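Presented as structure tokens, the chain that follows is alone, the form predicted on its own.
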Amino acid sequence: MAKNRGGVINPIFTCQPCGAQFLSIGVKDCIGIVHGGQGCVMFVRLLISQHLKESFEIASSSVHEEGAVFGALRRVEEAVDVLLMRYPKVKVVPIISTCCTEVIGDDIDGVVKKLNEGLLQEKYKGREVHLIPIHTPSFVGSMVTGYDCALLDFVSYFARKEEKPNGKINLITGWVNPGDVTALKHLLAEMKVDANVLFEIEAFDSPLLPDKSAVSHGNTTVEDLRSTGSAIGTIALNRYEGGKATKYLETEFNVPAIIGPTPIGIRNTDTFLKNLSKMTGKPIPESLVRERGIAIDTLTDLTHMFFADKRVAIYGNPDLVIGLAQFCLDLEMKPVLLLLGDDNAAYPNDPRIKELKDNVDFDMEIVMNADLWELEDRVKNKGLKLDFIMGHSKGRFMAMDCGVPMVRVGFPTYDRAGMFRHPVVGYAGATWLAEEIANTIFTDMEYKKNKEWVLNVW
């Protein structure tokens, strides 16, 4: 179902340009120019910096009143010139549109063509520069669709087909944390699979070094992007954060494609490894069987005694919400409310959503185009009983006001230390998630003196 009012109170998502900006920071030698007002960069940078606790670089064309009335393509031309002068190593410059510049009809495709034929030939001749127009108007979609669209634009711009496959797979991670990338690379290394990990934000768990460098950069190179068309296959972990690019590579370059499932929990991680083995011919090693056993042992210690029948509401990015709901069901919990923060027309036909609703013996409500007031209203005014909620930090106010424990997961998470360092995916992610849920429940038991004595004898 969709929410039954037009306004938004405490949104779950922000807008499309945020997704394009988050994706662009994963590319090496890349600085995006957001064509719009300064706030379209400033507030997004704040969110990403709060989440990752790092500094990074994104530029703005800084459109003001005059540009909003008469057009602002001149600002793009100036921005590209200044950016290339100031950063001589920059190779990739996505031009990311916003609601204002889309409404006034600024032709960013046209200005890219003009710059390629003019400025780049006259002033920067011989320098490798890639200008990529990315259309992400804020009045449609969300940061999730913005990420997906930008990913497709990057891949379709760069991908090339070589004479022979390069022996690698493309692994499109979707909107994940540095800790997730580390966990995924570990699984790949254990299976001895050579992979092109897109888009590479592991380096955003950055060090402070003696040279005083304080700016983080992604590690996906232009060469990595070009090679996507010559891979032996593509695995996209998330349907809505990489699905379009995966299908594009399959259609245009005959690169075999597998989309999902998001490897959250034991069951989905098993499927991911089986898909990896099938695509590459590499066996699943005993070391991962052991890791799986350790994760299952952790879950066994907690599931029946503490998790059974616990009622949870989950909100955030759709693939994350669905994966978390599947994980909770596997641990005998009841995800009674799922909130998806945009109106993507594909949700009602998503087989995972249908499977969730068709295979539970309790009332599960799934609200599309939802905001966090939908959650608060059900708890405060409609008698919804919850043992905890799962989602990003924007739900903290509802959790505090309603006295409901909260497990932080997703983007943005900024009110707890080091959350970006912990994986959600893989066997390591299953272990961390289960322990985080358990410790949240334990703290609430102690705070409310609700059978807290159980922890003395557990």
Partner chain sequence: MPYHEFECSKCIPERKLHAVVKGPGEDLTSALPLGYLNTIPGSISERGCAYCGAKHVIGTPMKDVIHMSHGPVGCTYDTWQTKRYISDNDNFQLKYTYATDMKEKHVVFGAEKLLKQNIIEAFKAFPKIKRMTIYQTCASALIGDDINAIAEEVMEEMPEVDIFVCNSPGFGGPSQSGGHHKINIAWIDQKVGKVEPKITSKYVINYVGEYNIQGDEEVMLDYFNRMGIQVLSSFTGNGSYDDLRGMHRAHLNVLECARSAEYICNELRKRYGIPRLDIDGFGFGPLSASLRKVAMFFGIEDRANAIIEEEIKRWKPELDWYKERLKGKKVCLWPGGSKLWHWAHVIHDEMGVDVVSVYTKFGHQGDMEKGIARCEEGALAIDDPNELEGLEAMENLKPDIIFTGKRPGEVAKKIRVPYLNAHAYHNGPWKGFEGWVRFARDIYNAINSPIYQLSGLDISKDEIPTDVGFKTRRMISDVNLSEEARKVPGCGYTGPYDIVPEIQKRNKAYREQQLKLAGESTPAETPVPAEAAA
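These figures come from a predicted structure and were not determined experimentally. Residue numbers count along the first chain shown, from 1.
This next part talks about the form predicted in complex with its partner chain, which is not shown.
Exercise. Check each of P133, P256, G141, G71 and return the one that places a heavy atom within 4.5 angstroms of its partner chain in the predicted complex.
Key: Selected residue: G141.
Practice problem: Name the single residue among M419, V44, V424, V404 that comes within 4.5 Å of its partner chain in the predicted complex, judging by heavy atoms. | Solution: None of the other options qualify; the answer is V44.
Quiz item: Does R408 reach its partner chain in the predicted complex if we count a contact as any heavy atom within 4.5 Å?
Solution: Judged by the heavy-atom cut-off of 4.5 Å, R408 is well away from its partner chain in the predicted complex.
Quiz item: So in the predicted complex, does E54 come within 4.5 Å of its partner chain, heavy atom to heavy atom?
Solution: Although its partner chain is absent here, E54 would touch it in the predicted complex, with heavy atoms inside 4.5 Å.
Quiz item: Going by a heavy atom distance of 4.5 Å, is V103 a contact of its partner chain in the predicted complex?
Solution: Yes - in the predicted complex, heavy atoms of V103 and its partner chain come within 4.5 Å of each other.
Quiz item: Does any heavy atom of G26 come within 4.5 Å of a heavy atom of its partner chain in the predicted complex?
Solution: Close contact is absent here: in the predicted complex, G26 is far from its partner chain, nothing within 4.5 Å, heavy atoms only.
Quiz item: in the predicted complex, which of 294 to 302, 238 to 246, 278 to 286, 212 to 220 comes within 4.5 Å of its partner chain (heavy atoms)?
Solution: That would be 212 to 220.
Quiz item: Thinking of V321, D350 and N359 as one candidate spot, does its partner chain come within 4.5 Å of a heavy atom in every one of them in the predicted complex?
Solution: Not a single listed residue reaches its partner chain in the predicted complex, so no.
Exercise. Taking only heavy atoms into account, state which residues of 9 to 26 are within 4.5 Å of its partner chain in the predicted complex, ordered by sequence.
Key: Going through 9 to 26 in order - heavy atoms within 4.5 Å of its partner chain in the predicted complex - the hits are I9, N10, P11, I12, F13, T14, C15.
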